[in-house]
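Let us start with two forms of the same protein chain, each given on its own as structure tokens and named structure 1 and structure 2.
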Structure 1
């Protein structure tokens, strides 16, 4: 297992470099000029000053040279400074990362807990009203846009009934850290972000549980006199989890992508909202820093999924 982890980590390095190279080129090819955005509030700036500013930022160099300069800084763990705020990018991301990880990790745990439970119970109660309800939710949870659900949630539960705040991470004017207030603001974005995961995981677990409980070894376990709880948790559930673990690593990418939208809908001060602002402002250093952090977290997610796959299915051997 140790050799497998080391090998996967070594393969992650060229993967990450390829992602940054492609993203760097796409950013520069996109329309817009960061210098024009920076000097928008100064219409009287001279062409010479614009040329000097472009030289200071290194934007007058050839694109391959710009990438090599950026890559050299990243090798020293220097993400550069923001074009807009002139603050270190690593410092800006550090302030937002905890908020984003809190949102995504909470949504993932809730989606797994509810999705697995609903999927297994739906399979055991196949054909009942609960099974039909889970299947309908699995379809709607995938086809209904999350940003629309977020807006509806705000309209109903924030504006009409005033049960939850409409956005933000804490109540304006509240001094100090208040756990209850933080959780109160966390519930709306977590509920919407977890909806897609619950729909997907319940569908996977229902399908796999139905497949597993038809196997001969399950019937043998019942014939040996084992109770349903033992058969379900010791034999059926572990095998039904294998396909879910396989797709879990890939679902992390969708979770981070969904967080970008949800953070903007609920004004949650995380990396997703920062990325949105950086795109509008053509703040290349911030975009590249967020890309590196997000890609690294996704690669780690795939690695953890592979490790969990080997734990769930002991037949898998990595040599």
Structure 2
């Protein structure tokens, strides 16, 4: 097992290199000389000083060298400073990451709980109205744009019925930490973000459960005289859950991208909102930092999913 995990960790390295290469290339392709941006406030700067500044920043070195230097700085979480706020990028991202993770983690947990239950139940009650409802929901969850769903949610629950806040993380001007207020603001984006997950997980669980309950070992379990409950939970559910673990890794990437849009719909101060602002302000260090950090989080997600898969399914060989 340890061997498998180490091997899997090694496999993440080329991916990480690929992402950093791409980010670096994009950064280089960005219009606007960083020196120009830095000296924007000092138009009377001499050409000699500019040359010296270029040297200090390492911009006169060959590209591969520059990449390695940049990579070294990234590894130490030194991502430079924001063009706008002049604060370290890693510090800014750190603040926002907590908000983003609160949102995505809550949405993921809720989506898993509801998705798995609905999927298994609709498989067991195949052909009933509940099953049809779950299937229709699964299709709609995949075809309706989530950001629009968010807008409609605001339209109905914030504008029309005034039940939920239309955005933000707390009520403006509210001092101190108010858990209830926080939760109140968390509900709308979580509901929308979880919708996609529920649609996908319920579909997977339904297909998988239908597959599993046909298997011989289920019949054997019934033949042994076990009650339905035991058969379902100890034999069927465990096996039906296995493929979901692999889907989970991929859905993390989707959740991340989805959060970017949903955060903007609900003015949620997370990394997605930050990315949007950074694009508007052409704040490249922040943008690149977010790209690398966001992608790294996704790689970690895939990694955890693969390891979890190896743990739940003893049939895969660790070689």
Partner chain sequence: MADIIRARALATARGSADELQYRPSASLFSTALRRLRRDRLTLAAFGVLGLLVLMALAAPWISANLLYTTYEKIDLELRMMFPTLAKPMWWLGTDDYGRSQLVRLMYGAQVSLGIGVLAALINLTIGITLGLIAGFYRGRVDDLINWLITTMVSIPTIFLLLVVAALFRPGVVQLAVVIGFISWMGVARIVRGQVFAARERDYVLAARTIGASNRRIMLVHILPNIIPIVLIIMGIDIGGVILTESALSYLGFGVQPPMASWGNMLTNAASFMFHAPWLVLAPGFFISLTVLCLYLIGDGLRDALDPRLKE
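Keep in mind that what you see is a predicted model, and the values were worked out from it rather than measured. Here, rigid core means the biggest group of C-alpha atoms that superpose within 1.5 Å across both forms. Numbering follows the first chain given and starts at 1.
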Identity of the form predicted in complex with the partner chain among structures 1 and 2:
2
For residue 261, state whether the C-alpha moves by 2 Å or more between the two structures after rigid core superposition.
no
Once the core is aligned, what is the C-alpha displacement of residue 51 between the two structures? Give it in Å to one decimal.
10.7
Between the two structures, how far the Cα of residue 10 shifts once the core is aligned, in Å:
2.7
